[in-house]
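The form predicted alone is given below as one chain in structure tokens.
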């Protein structure tokens, strides 16, 4: 946990600097979480108002895990976020306006208005576009890491996320296995949100914890409380550092409760009252706010200003995307960007 100085002993200069750095990192993560929560609340409202085509899948309750995933990656690393990773995407550098453009179908967005909202990405900048949240991205990241190795690149890692439901698929097994065999610098962050859509844990897996699988695959494994922002930051930072240093692939398993339905079309009625009372059902954003106040990291006025600034960014991003044109089906170049040069010219 974040701590203040112990009573009776004054911190040394180096200790004070280290504590300040930890606190600033915590506050940065909180701001990414807050921006994400407010943005996704806006998206959910727009979806209910019929302004978004396709689905909206929010990461409510998962923002602490996600933000930590994006914060410790560098330029040259590979990040393969999934459907509830808006906080991590933002921390990794994805502009909010590009997210709004994708949801609202702007032809100026990274997917040129051609694709549903959750499959966006910028591979040249290290953020892979999602194929599937059911394990497929593990093998894609492994292949990307092997390619970087063959090109002679150094000091890189890849990180992808997955839910506990996706951990039960064949794609996940194949990806984890080849990652360990090739000993690539991979971090897999598995978030156990206790329901794969509406399927509870006891119908998903029989092991005591998913982290038990790490040893069998040849990974190093960690468990953490996904509602505790500091635990997320410390654990994921450690995993990224160890992967970068040449240790075996890393598996991090976080425990939370998804605090919204599988998507905005889902009323979440299958979640039992007993589950809602569990410690892992706490709201990570509210927990972080309590910690900030208890440790005096920021006063109430500062937190309000952060919220107001986040709301301004959300409104600006949405307003910009709403003013932009949608694709014109009769005029667009519909071939994939990566294969345009392979296409035969039209005579």
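Positions refer to the first chain, counted from 1. It should be emphasised that the depicted structure is a prediction, and the values quoted were computed from it without experimental measurement.
Below: the form predicted in complex with another copy of the chain, not depicted.
- Annotated contact segment (heavy atom within 4.5 Å of another copy of the chain in the predicted bound form): 202-210, selected among 229-237, 202-210, 186-194, 273-281.
- Of the residues given (217, 222, 156, 72), 217 alone sits with a heavy atom within 4.5 Å of another copy of the chain in the predicted bound form.
- This chain is drawn without another copy of the chain; in the predicted bound form, the residue among 180, 96, 243, 253 with a heavy atom within 4.5 Å of it is 180.
- Taking non-hydrogen atoms only, residue 82 never approaches another copy of the chain to within 4.5 angstroms in the predicted bound form.
- Under a 4.5 angstroms non-hydrogen atom cutoff, another copy of the chain in the predicted bound form has residue 173 among its neighbouring residues.
- Not displayed here, another copy of the chain is kept clear of residue 257 by more than 4.5 Å at the level of heavy atoms in the predicted bound form.
- Taking a 4.5 Å heavy atom cutoff to another copy of the chain in the predicted bound form, none of the residues in 117-143 make contact.
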